[in-house]
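Here you get one chain, nothing else, as structure tokens; it is the form predicted on its own.
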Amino acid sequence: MMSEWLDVGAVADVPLRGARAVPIAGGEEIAVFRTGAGRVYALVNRCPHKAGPLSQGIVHGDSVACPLHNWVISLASGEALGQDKGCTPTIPVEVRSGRILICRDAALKLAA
């Protein structure tokens, strides 16, 4: 069975070194990130520490710093970096024709 991909907007709508929060009906809010190099990632929009909104954090390289307590989270793996321990679920993401697509099944499975 093939996964359904949800179009969550244009790549240009997410600033370089920035993020956008995307609500998913029946699922978790997803944070879509765009690095300075233009790579796109998607994570559940909550830090594993105190559930801070990662979409409001500072993106540097391929990581984001949580706005609440400065935990640094890998955008590729969702793992906390450095001394911190924890993981934020990642969501498969693709870019097609300038549009960002996330895997609907993965986003909904997290809400179950």
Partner chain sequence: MTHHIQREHLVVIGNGMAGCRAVEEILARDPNRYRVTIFGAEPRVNYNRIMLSPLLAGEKSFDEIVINDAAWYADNGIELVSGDAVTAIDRAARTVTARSGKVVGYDRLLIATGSDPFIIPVPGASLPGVVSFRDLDDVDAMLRAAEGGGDAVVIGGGLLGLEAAHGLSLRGMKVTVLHIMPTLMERQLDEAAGWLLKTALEERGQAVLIGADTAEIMGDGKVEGVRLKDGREIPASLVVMAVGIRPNVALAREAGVAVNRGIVVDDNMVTSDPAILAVGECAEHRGMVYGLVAPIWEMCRALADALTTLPSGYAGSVTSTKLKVAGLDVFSAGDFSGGEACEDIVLRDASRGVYKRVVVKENRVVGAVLYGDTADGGWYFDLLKRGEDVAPIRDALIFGQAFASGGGQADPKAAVAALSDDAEICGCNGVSKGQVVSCIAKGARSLDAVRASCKASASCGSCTGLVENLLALTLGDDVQSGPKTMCSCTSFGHDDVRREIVAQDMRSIPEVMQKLHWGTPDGCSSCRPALNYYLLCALPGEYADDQQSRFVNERMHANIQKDGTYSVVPRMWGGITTPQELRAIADVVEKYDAPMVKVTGGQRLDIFGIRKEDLPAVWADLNAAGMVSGHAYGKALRTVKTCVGSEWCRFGTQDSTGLGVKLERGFWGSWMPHKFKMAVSGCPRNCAEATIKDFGVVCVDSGYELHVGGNGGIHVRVTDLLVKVATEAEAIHYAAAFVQLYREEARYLERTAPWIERVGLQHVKDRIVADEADRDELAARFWFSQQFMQDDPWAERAAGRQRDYLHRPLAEVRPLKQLEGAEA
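Positions refer to the first chain, counted from 1. Just so we're clear, the structure is a prediction, and the values are computed from it rather than from any experiment. So that the term is clear: the rigid core is the largest set of C-alpha atoms that superpose within 1.5 Å between two forms.
The discussion below concerns the form predicted in complex with the partner chain, not included here.
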property	result
Touches the partner chain in the predicted bound form: residue 53 (any heavy atom, 4.5 Å)	yes
4.5 angstroms heavy atom contact with the partner chain in the predicted bound form for residue 87	no
Interface membership of residue 14, the partner chain in the predicted bound form, 4.5 Å heavy atom rule	yes
4.5 angstroms heavy atom contact with the partner chain in the predicted bound form for residue 22	yes
Contacts with the partner chain in the predicted bound form - residues in 57-73 whose heavy atoms fall within 4.5 Å	57, 58, 59, 60, 61, 62, 65, 67, 68, 70
After fitting the core, residue 84 CA displacement of 2 Å or more between this form and the one not shown	no
Displaced residue check between this form and the one not shown: residue 27, CA, 2 Å or over, core reference	yes
